[in-house]
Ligand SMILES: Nc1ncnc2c1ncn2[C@@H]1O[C@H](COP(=O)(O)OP(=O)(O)OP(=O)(O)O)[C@@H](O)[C@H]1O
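First comes one chain, alone, set out as structure tokens in the form predicted alone.
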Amino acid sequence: MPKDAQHARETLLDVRNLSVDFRTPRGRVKALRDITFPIRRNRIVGIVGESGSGKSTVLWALLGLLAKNAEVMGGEVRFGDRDLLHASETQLRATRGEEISVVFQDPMTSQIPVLTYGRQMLDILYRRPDVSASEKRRMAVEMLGKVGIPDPDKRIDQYPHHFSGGMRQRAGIAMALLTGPKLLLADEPTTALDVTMEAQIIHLLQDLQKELDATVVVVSHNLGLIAELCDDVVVMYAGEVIEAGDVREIFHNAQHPYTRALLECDPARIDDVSRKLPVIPGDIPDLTRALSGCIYAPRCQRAMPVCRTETPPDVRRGEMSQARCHLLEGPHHDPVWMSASRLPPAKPSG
């Protein structure tokens, strides 16, 4: 099978050269610049990076839910034979919820407090006029049971305020999966939960992904969640994809200095007990200004003069793995840097 055909068969959604600007009083914020990565079928893909790196903007761009001051400057988001960036509003409405669903960060703002879960889930199935109300209720009860809500036949008639935070998030996952979507997007799905409930949601997503043969994209700044939950990882910084690959490659042999710096700040990898956690010095650059060279150069401990003037190459390690850095290829290639990630293994949880 030709490589292009195999890639198309394995890829559910393909983000190609996506660029997004936001119009602000300070000028245009170049929030995403030339973003490219595939989402492979039946995989859990994590998008990770600091706040302001553009993780959530990617999700809202492909769903057509960007703010009014946003403008897509270029690129494609291929979902099957469709380009979601150039789809009509009618086409997007037919895709959202049916083929692509979302689990939001805070269930209390994404669920309707004055409607029971039964009413909300019946409303989600409004595009199924051939299915009776009793069958829709049965489907809803079954999905609530799948996500681990006890006595789903009774609790379906309760309101969101009757549920704990973790149970509300489970109900949100049930609602997102009710239509049998091909792709589930989860935007910081465990941020509002405690550590115990976070672990339960991680295992729930893993079990449901296997049971339903779903493809899941998780946006998070939580490296522990990404390491435990995901198969593939996309690392973003200041609106660019600077590294991507299999989760084991990213966490055990990261190639980009930013990825290594992120991992070195992971509390699970810190042996010395201290009142202060390590941080990456500096701040994300002002994206309203003209950019040149490597976007990470002002904060990089390995920065060279060329990093500030020339865009680094995208270096592939395999069909799905790549990193963007002068240290990896070209006249400034450093084989010592490539061969050792210098990162200690993460401590086992619990």
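Just so it is clear, the structure is predicted and the values come from calculations on it, not from any experiment. All residue numbers are counted from 1 along the displayed sequence.
The same protein also has a form predicted in complex with the ligand, omitted here; what follows describes it.
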Check your understanding: Since the chain is shown here on its own, which stretch among 65 to 73, 35 to 43, 293 to 301, 316 to 324 would lie within 4.5 Å of the ligand in the predicted complex, judged by heavy atoms?
Key -> 65 to 73
Check your understanding: If you check in the predicted complex, is residue 22 within 4.5 Å of the ligand, heavy atoms only?
Key -> yes
Check your understanding: At the 4.5 Å heavy atom threshold, is residue 29 in contact with the ligand in the predicted complex?
Key -> yes
Exercise for review: Look up in the predicted complex whether residue 56 has a non-hydrogen atom within 4.5 angstroms of the ligand, and give yes or no.
Suggested key: yes
Check your understanding: At the 4.5 Å heavy atom threshold, is residue 287 in contact with the ligand in the predicted complex?
Key -> yes
Study note, to complete from the structure: If we test each of 83, 99, 188, 153 for a heavy atom within 4.5 Å of the ligand in the predicted complex, the one that passes is 188
**Study point:** 260, 146, 128, 221 - the one with a heavy atom within 4.5 Å of the ligand in the predicted complex
**Key:** 221
Review point. Since the partner is left out here, which residues of 163 to 184 would have a heavy atom within 4.5 Å of the ligand in the predicted complex?
Key: none
